[in-house]
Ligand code: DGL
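Starting off, we have a lone chain in the form predicted alone, written out as structure tokens.
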């Protein structure tokens, strides 16, 4: 039986993170789950996101995963802490669940010179203030400026992110953020969908502003985590396999997932 690393997202976006993880750590086995039937999570309450995320984490555990990565900013912001502190000790004390916010917060200070960082995210991620709190722990001197971008995920998931119509909403949110914080020199894409909008985001920003995506950051952090925790690393199997699952229609998932993953995806339908 394989003991894979579980990669979770409410939909497709986590595949941009998984792409970096698989490139850096190709030897491991992986399971990817998209909870597409209940996506998006961005506008849902803390309790609902926790409930949905926990159900998915338990599914991973039943599938043999000792380690699960929440490659979803909303789930990381609204559910991770409760799962780690309250749920895991009860249901699987030897297993681990990690997110994408803390690894990003740990290194964001390496990117900014002005010490002004912009966070672009979903409504749920921004309202949680998770990035403000986590970055504040590591870099009290950094001013964090947040901007919710509620139209960006629908644009990406409907394949409209390269259209001329997408420019309006990209420019709108960037203007709102930069207009109130002109000293920003680093922009974090705090949603795994947003890397697909990078070309358009770049178009409406001054050249000196860095755009930071999370894929490589999370992959680097995972590699370091496994080195520090041989008790987890030793439980993982290494056959270089990947299986994809979705709670919605597999054929539709494959079409969009291929765009996010950067290679052909063949998924299976599952129920939780």
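Everything quoted here is computed from the prediction, not taken from an experiment. Residue numbers count along the first chain shown, from 1.
Missing here is the form predicted together with the ligand; even so, the following discussion is about that form.
For the chain shown alone, residue 187 is not a contact residue for the ligand in the predicted complex, no non-hydrogen atom being within 4.5 angstroms. Proximity of residue 193 to the ligand in the predicted complex falls within the 4.5 Å heavy atom cutoff.
Within 4.5 Å of some heavy atom of the ligand in the predicted complex lies at least one heavy atom of residue 40. In the predicted complex, the ligand lies farther than 4.5 Å from every heavy atom of residue 156. The partner is not drawn, yet in the predicted complex one stretch among 81 to 89, 197 to 205, 162 to 170, 122 to 130 has residues with heavy atoms inside 4.5 Å of the ligand: 122 to 130. Scanning 53 to 87 for heavy atoms within 4.5 Å of the ligand in the predicted complex gives 72, 73, 74 in sequence order.
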